[in-house]
Ligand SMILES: Cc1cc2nc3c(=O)[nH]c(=O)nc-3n(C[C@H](O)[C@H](O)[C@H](O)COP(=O)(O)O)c2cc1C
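The form predicted alone is given below as one chain in structure tokens.
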Amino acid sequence: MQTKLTQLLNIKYPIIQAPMFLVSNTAMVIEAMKGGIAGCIPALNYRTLDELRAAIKELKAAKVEGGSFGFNLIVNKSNIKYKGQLEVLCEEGCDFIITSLGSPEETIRQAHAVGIKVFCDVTDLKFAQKVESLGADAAIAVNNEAGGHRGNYSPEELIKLLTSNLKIPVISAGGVGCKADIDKMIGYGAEGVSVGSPFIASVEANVTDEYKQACVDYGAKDIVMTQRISGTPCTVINTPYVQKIGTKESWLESVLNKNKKLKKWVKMIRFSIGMRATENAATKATYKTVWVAGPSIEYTKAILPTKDIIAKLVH
């Protein structure tokens, strides 16, 4: 399973354990590295820069040959911690950074100056070509089977569209829950895959047992799109509570979103409320839960150690 991604990150298998808000942690990434893949954590999982710095040092101390670690950065204005997080990552060092939701130009410039690779989330060709022109080391093709905020193209459509127009490697994100899925994505032309949802039900994940068990009990047919978290369509498990509150924005939200002067503020408030709701769902056991996941939980049949989930993906 040697590809351009394994060469870029010096890993055994072409897999990135995807960064998941509130789910990913150092314990998961350490096990990922031991399993011969790359692990990634959202920088926003750490409330302070000191906590982020401590996490980097822990991962550097635990790094093994054939494994790799990185962090995800939200690079638009909604992340007021962005500049500080980038500074810490460049000072302490990591193998790669994944950028999301904005221009990666500054991140690429600063990261490359200290030898850190930068991969950029993209959902279409236009933005993929833009990040390539800025010097990105790879494009992460977020397709319509991804968990959370997903793209619009099918895995095959997006991979083939990007690989036929880009010179940098394409990493597919979404729709991978087993070895056959990895083989399929590489067959389409991807140099590797980013896998998130199957790791939610890992022993090491920082979420409640109820969240993990939901990924076991529900499957691909139970994943629905909702606008009730951040105002942007997001995939969640269709629990009785989600069915009760519905997946469409409310009448008032719809009216406010059509007002050009108020739209930005409504989205910011909705995003803030949604993030608090997601945090509560991940860390507290209540009946009012909105669990983010993708259709690849179809292959999640038990709560397992990270090393066993990796073994299922590569064998």
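The model shown is predicted, which means the values in this text are computed figures rather than measured ones. Throughout, we count residues from 1 along the sequence that is shown.
FYI, the form predicted together with this ligand isn't displayed, but the following is about it.
(request) Indicate whether this ligand has at least one heavy atom within 4.5 Å of a heavy atom of G175 in the predicted complex. (result) Yes, G175 sits close enough to this ligand in the predicted complex that at least one of its heavy atoms falls within 4.5 Å.
(message) Using a 4.5 angstroms cut-off on non-hydrogen atoms, would S100 count as touching this ligand in the predicted complex?
(response) Yes, S100 sits close enough to this ligand in the predicted complex that at least one of its heavy atoms falls within 4.5 Å.
(request) State yes or no: in the predicted complex, is some non-hydrogen atom of S202 no more than 4.5 angstroms from a non-hydrogen atom of this ligand? (result) It does not: once this ligand is placed as it appears in the predicted complex, S202 has no heavy atom within 4.5 Å of it.
(message) At 4.5 Å between heavy atoms, is Y211 in contact with this ligand in the predicted complex?
(response) Y211: contacts this ligand in the predicted complex.
(request) Report the residue, out of P155, G151, G148, P169, that has at least one non-hydrogen atom within 4.5 angstroms of this ligand in the predicted complex. (result) Exactly one listed residue reaches within 4.5 Å, namely G148.
(request) Specify the contacting stretch among 217 to 225, 86 to 94, 140 to 148, 103 to 111, defined as having any heavy atom within 4.5 Å of this ligand in the predicted complex. (result) Answer to the contact question: 140 to 148.
(message) Going through 181 to 207, which residues have a heavy atom within 4.5 Å of this ligand in the predicted complex? Please give them in sequence order.
(response) Counting only heavy atoms within 4.5 Å of this ligand in the predicted complex, the contacting residues of 181 to 207 are S194, V195, G196, S197, P198, I200.
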